[in-house]
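Shown here is one chain on its own, the form predicted on its own, set out as structure tokens.
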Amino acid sequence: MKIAIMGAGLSGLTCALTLEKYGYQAEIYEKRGMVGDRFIVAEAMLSMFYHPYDDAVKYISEAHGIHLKPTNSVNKVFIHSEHESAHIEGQLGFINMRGKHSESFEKQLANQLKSKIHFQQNVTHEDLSKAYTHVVLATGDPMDTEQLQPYEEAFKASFKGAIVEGDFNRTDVHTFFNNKLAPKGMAYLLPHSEREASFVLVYPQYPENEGVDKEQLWNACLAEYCKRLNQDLRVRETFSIKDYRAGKTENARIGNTFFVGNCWGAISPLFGFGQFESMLTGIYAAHDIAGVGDYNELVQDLYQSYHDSLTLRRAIETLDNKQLDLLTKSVKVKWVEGLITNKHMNVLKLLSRVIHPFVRSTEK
């Protein structure tokens, strides 16, 4: 077999690493000049959304032999709405770095790899399909998927983020829901260390948000949450993204082409993260190529998680600020917090049920 992987991101690299464990080496083609050649940003892997896996890093290591070192553990997640704040506690997951950071997940994966990565290669699927028996599409761009099959887009999102300096508890995550500052979206703060964090504003590009001035929202959002955190955050580096697509493929595999990562639909519609899902799709595609699994069957649980995440996002989008306050306040009730942090329950499905009464009140 001759195997080509288009893209040296999380899904492409985990696919290559898994293939190596079965005795195969892939040729990896990356259009950028290095692994992780993008802005530095922190992302969260919250285990409550990965049922039945209560520790994603442990699972990847023990079940698949791929070893990652997160930047921080997450012990508290704070939820802030316009007038309320609440938090949940426990071993809730991890914060990891992405992009050019020396400890980004991409760079950690590349350091474990033996297969060759060909950088600055602007190859096409058509080129590779003529020369290789198997092609793994892992470019991270759904537009590449659309050249080969339908891609069901849930929405496009707009991001503005920055590395900020301040005083942080590195195990605390802060999330902010306020439709005046993040219309039908959110902001979040993820620490890199005690002195540095990523602060990100993200909202869907629905027609009603087309006239929104992202810079004004960003400035207002940052100012508001400096007050909420009781400190002045000093902005060091910024980034901005438009038309970031969340959606999913119709087929996980067509012939000997495998769609993985964002080319499959690994982005969680709820918060926009997808590291765990991306890595699993890469691993599952490798299992199929090596003849130890069926990719279409292996990703069925991931498809279900995507749908649960999208259902919850649609529900939250119906809430106004008053209802977001009520929802935040409900998290202060101990049994509600206990349900959310229960590792034996599917939190995505649970939260959909918790939020249902608030959604119904918007329909009256």
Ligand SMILES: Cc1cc2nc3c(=O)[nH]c(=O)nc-3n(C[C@H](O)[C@H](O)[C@H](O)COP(=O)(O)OP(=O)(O)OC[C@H]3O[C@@H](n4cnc5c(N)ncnc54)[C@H](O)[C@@H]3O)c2cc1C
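Residues carry their position along the shown sequence, with the first being 1. Computed from a prediction, not measured in an experiment: that's the story for all the values here.
This protein has a second form, the form predicted in complex with the ligand, left out of what is shown; the following refers to that one.
- Contact with the ligand in the predicted bound form, defined as a heavy atom within 4.5 Å, is made by all three of Gly9, Arg32 and Thr139.
- Shown without its partner, this chain lists Gly293, Pro183, Gly90, Gly272 as candidates; in the predicted bound form, only Gly272 has a non-hydrogen atom within 4.5 angstroms of the ligand.
- Checking Gln121, Ser85, Asn251, Asn256 for any heavy atom within 4.5 Å of the ligand in the predicted bound form turns up a single hit: Gln121.
- The ligand is not shown here, and in the predicted bound form it never comes within 4.5 Å of any heavy atom of Val57.
- Contact between Phe78 and the ligand in the predicted bound form is not found at the 4.5 Å heavy atom cutoff.
- In the predicted bound form, the ligand lies within 4.5 Å of some heavy atom of Tyr50.
- Under a 4.5 angstroms non-hydrogen atom cutoff, the ligand in the predicted bound form has Phe159 among its neighbouring residues.
- Comparing 228 to 236, 68 to 76, 275 to 283, 162 to 170 against the ligand in the predicted bound form, the single stretch with non-hydrogen atoms within 4.5 angstroms of it is 275 to 283.
- Looking at 229 to 258, the residues that come within 4.5 Å of the ligand in the predicted bound form, counting any heavy atom, are Phe239, Ile241, Tyr244.
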